[in-house]
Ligand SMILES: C[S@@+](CC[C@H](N)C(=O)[O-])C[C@H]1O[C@@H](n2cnc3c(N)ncnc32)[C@H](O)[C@@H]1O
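To begin, one chain is listed below as structure tokens, in the form predicted alone.
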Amino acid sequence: MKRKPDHYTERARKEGFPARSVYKFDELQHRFRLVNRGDTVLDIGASPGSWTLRLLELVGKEGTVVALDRKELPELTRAGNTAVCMQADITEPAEYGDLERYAPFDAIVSDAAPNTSGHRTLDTARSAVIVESSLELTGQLLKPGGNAAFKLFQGGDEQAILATARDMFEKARIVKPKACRDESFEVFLVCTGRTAT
């Protein structure tokens, strides 16, 4: 049965965003100030582009947004700024060597999710792999003091992942934005203040 568009879906359409997920990012940005003007930001799992488009507005022409996804991305332009689009799988390090050209990043964010199977245990495990790979990359490419946020499915290894994040950042916590659907088991791992290695 097709889901009826909700308030966030209708709003995204009116404001020119491909998906309602932009409002999840907006809440995280409002609460935690993840991104600032002039920043260099990596958006992992960027398709269909809503987070990237918002990031382009936030960083302005002085900043850079690198959009990474397994799918080929269309040109993503907003507020007179165009994202650098790269096609690579975050779980395959050999594919994303070019990222180092843009590092270090001020922030790394991700709304990436696995293709869901309907089996929660499997889907949660696949989500954890994406976040673990993202955290590993973050350890290499995020500058000291930088911030990060990653989508994560509840019901699996989130406490172990949270512990890893707390070893890397001054603060790490799990939050669920209001824009998430009530029935969704997605949350976000929000990390602020990358500690020096």
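Please read these numbers as outputs of a predicted model, since none were measured by experiment. Each residue number is its position in the shown sequence, starting from 1.
Keep in mind that the form predicted together with the named molecule is missing from the display, and what follows is about it.
Between the options Ala46, Val41, Leu152, Ala149, which residue brings a heavy atom to within 4.5 Å of the named molecule in the predicted bound form?
Only one listed residue qualifies here, and that residue is Ala46.
Are Ala19, Thr91 and Asp111 jointly within 4.5 Å of the named molecule in the predicted bound form, each by at least one heavy atom?
So, yes: the whole triplet contacts the named molecule.
Is Thr64 a contact residue for the named molecule in the predicted bound form, using a 4.5 Å heavy atom cut-off?
Residue-level check for Thr64: no, no contact with the named molecule.
Looking in the predicted bound form, any heavy atom of Arg101 within 4.5 Å of the named molecule?
Heavy-atom contact with the named molecule at 4.5 Å: absent for Arg101.
Evaluate Arg70 for contact with the named molecule in the predicted bound form, applying a 4.5 angstroms cut-off between non-hydrogen atoms, and reply yes or no.
Arg70 belongs to the contact set for the named molecule.
Is Val59 one of the residues lying within 4.5 Å of the named molecule in the predicted bound form, judged by heavy atom distances?
Contact check for Val59: no, nothing within 4.5 Å of the named molecule in the predicted bound form.
What residues, if any, in 120-138 have a non-hydrogen atom within 4.5 angstroms of the named molecule in the predicted bound form?
Only a single residue, Ile130, comes within 4.5 Å of the partner.
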